[in-house]
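Take a look at this one chain, the form predicted alone, written out in C-alpha cells.
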Amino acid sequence: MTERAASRTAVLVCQGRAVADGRLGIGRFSDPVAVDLLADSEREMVALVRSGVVPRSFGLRMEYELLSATAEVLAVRTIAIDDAIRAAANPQLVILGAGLDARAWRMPELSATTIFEVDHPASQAEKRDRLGDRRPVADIHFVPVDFAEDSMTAALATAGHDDSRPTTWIWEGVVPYLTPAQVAETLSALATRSAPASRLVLTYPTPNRTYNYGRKAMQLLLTLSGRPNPMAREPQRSSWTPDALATLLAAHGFTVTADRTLHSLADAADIEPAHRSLRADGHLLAADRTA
C-alpha cells in the first residue's frame, strides 16, 4: 500500500483474471476486460497458460505455474466478492488498493452505484493509461492516496464519498502486505465513513508456515531463472486467526456475518483446483455495520 511505483502484483492479478475468463467458474465468473488492460508482453504469458501447453524451460515453467495458480485463486474469490457486492446492493462501492480491478467496467448491475477506487498515485496513473478511452458502466471516482503521507478519509470526502449513505468496502489481496498496526489504522479510518448497513468484504491469510516457505521458494526460483518476480517488492507482513480479526472488526463496529476458506468457496463455485496453492490458509469474510 505504500509502494513508490506501480504495483507489479496488480499486473499478476489482472493476468490471473484474464487466464480464468471463460475457463474457470463458467457461468459464475467472467472478466473479458482484464486482457485489454494488459500490455502485449503481459498477454503472451496469459496466452501460454490458456493454451495448456506446459513450457519446457525451467524459468518459463515457474512463471507458468505461478500464473496458473493465481488464476484459480482469482476466479474463486472474485465470484465470492461479486456475490457479496450484489447482496449488499449499497449505493456506494469503495475498492481499496484497486490495482487493475475492472468491476466498474464489467458489472452492469453497478450502473446505479458510485464507485471510488483508492490506490497509490503511481498505480492509479498507470491504470488510467491502460484504460485509454474505455468507458465504465458506473459512475467512478479515482482517489489517489499515498498511505505513507495522505489521509484516506480526507481524500474520500474530497472525492465526493457520502459517509451518511451505506458503503460496500472491498479490501481484496491487501491485508497480508500490511502490518497489524496498519490494518487496524485502516479499519479505523473506513469505520468513520461507514454508515449503518455498510459492508466490508476482505481477504486475509491465516498463519501458515508451509505456504510462507513455498512463497519464498517460488521467489527464489523465479530470481535464479531470470524471470520477473512480481512479489519482490511486496513482502507479507501479517496473518490473522479468524477470532483475532473478528475481535478487531468488532472494536470498529463491524460484525462478521461470513468467514469462509478459499477451498470451501471453490467447492461452492464448482471449481476444482489443480494447484495446492489454492491457499488452505486463505479466507474471505464479510462484516456488516449495524449501527
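We number the residues from 1 along the sequence you see. All values reported here derive from a predicted model rather than from experimental measurement.
In what follows, reference is made to the form predicted in complex with a small molecule, a form of this protein that is not presented.
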Quiz item: Quick one: of L93, A98, A80, L156, which gets a non-hydrogen atom within 4.5 angstroms of the small molecule in the model of the complex?
Solution: A98
Quiz item: Can you pick the one in A88, M152, A191, L178 that has a heavy atom within 4.5 Å of the small molecule in the model of the complex?
Solution: L178
Quiz item: Any idea which of 156-164, 142-150, 105-113, 192-200 reaches within 4.5 Å of the small molecule in the model of the complex, heavy atoms considered?
Solution: 142-150
Quiz prompt | S123, heavy atom within 4.5 angstroms of the small molecule in the model of the complex | solution = yes
Self-check item: is_contact(A10, the small molecule) in the model of the complex, heavy atom dist at most 4.5 Å
Solution: yes
Quiz item: Would G173 count as touching the small molecule in the model of the complex under a 4.5 Å heavy atom rule?
Solution: yes
Quiz item: Is D119 a contact residue for the small molecule in the model of the complex, using a 4.5 Å heavy atom cut-off?
Solution: yes
